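The chain that follows stands alone, in the form predicted alone, written as C-alpha cells.
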Amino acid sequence: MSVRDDILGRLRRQLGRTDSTTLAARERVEATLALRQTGPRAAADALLDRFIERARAMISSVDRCATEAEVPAHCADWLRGQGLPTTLVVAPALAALDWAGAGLDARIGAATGDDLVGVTGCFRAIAETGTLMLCSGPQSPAVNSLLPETHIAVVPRQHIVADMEAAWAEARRELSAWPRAVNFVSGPSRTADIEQTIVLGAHGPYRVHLLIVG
C-alpha cells in the first residue's frame, strides 16, 4: 500500500465511508461538476449599459459613435481633449478608415517602444466585467494594446457578449485557427504591490479609451 492509499484509507474510515457510500459520493461530485453554474447575467437588451458601467468601474473611459467611419474623428477629439499626441499606430484591421482626414498622423502596423498611442479593434467585449477580449494576428498585433501609454479600442456594439463563457464559445465557433495569444484587457494596467497603493501603467497602458460603434 502506498502512502497516498494509506492516507486516503484513513480519511475514508474517519468519514465512515464504505464501498457503497464512496460510490454514491463520487456520483454526487460528478453530478455537481456536470452542472453548469453561472451567476446572474445581464439581459440581452441591457448588455451595452452593463458593459459601459463595468468598463468605467475599471477606469476605462468610454465614448460612442454611430458608424465606424466616425471613429477617427472621435479619436482625434478625445486625444486633443486629453492633451495627448495625435500621432498613433493603428492595427491593420482598421487601416481603411480616414485617419488623415481627422487630422491624425497614423501609422498602420505593430507598435514599437516609441509609439505613445495604439489603436486596436477587439474580438469580443464582456459585459459582466467590462473586459476586452483581443485575439492576436497580422490584422491585430497584440503589442498595440500593450506597449503604448494610451490604448484606444474600437468596440462594435454587436461584439458585446454577456460573459466570459459566451466570449469563448464564440471564439470556438468563429475562429478557423487559434491565435498565438488571447489577451484580456480590463482597464489600464495597474498594480498595488507596494503598500496596497494603486499605481497605473505598471505593466502596460496608463489609459484605456473605448469607442463603441453602433
Partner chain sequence: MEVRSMHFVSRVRQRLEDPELQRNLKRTRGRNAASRAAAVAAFPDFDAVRARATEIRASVLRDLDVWLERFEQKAIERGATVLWARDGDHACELIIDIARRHGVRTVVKSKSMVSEEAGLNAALEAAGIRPVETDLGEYILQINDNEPPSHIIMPVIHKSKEQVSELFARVHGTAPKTDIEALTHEARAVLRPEFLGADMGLSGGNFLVAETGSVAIVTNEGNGRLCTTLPRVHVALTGIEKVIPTLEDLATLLRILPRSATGQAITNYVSMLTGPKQAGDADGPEHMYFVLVDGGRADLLGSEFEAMLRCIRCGACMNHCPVYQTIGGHSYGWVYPGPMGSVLTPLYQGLDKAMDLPHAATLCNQCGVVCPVSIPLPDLMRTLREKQVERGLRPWSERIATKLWAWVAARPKLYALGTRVAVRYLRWLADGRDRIQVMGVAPGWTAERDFPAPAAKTFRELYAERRRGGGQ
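So that the term is clear: the rigid core is the largest set of C-alpha atoms that superpose within 1.5 Å between two forms. Numbering follows the first chain given and starts at 1. Just so it is clear, the model here is predicted, and its values are computed rather than measured.
Keep in mind that the form predicted in complex with the partner chain is not shown, yet the notes after this line are about it.
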Verify the contact flag for residue 137: yes if a non-hydrogen atom of it lies within 4.5 Å of a non-hydrogen atom of the partner chain in the predicted bound form, no if not. yes
Is there a heavy atom of residue 41 no more than 4.5 Å from a heavy atom of the partner chain in the predicted bound form? yes
Would residue 118 show up as a contact with the partner chain in the predicted bound form if we use heavy atoms at 4.5 Å? no
Should residue 196 be classed as touching the partner chain in the predicted bound form when contacts are defined as heavy atoms within 4.5 Å? yes
Identify, from the list 175, 181, 46, 69, the residue with a heavy atom within 4.5 Å of the partner chain in the predicted bound form. 181
Can you tell me which residues in 115-133 come within 4.5 angstroms of the partner chain in the predicted bound form, by heavy atoms? 128, 129, 131
C-alpha of residue 56: shift of 2 angstroms or more between the shown form and the other one, rigid core aligned? no
Core fit, then residue 9 C-alpha moves 2 Å or more between the shown form and the other one: yes
Using a rigid core superposition, assess whether residue 196 undergoes a CA shift of 2 Å or more between the shown form and the other one. no
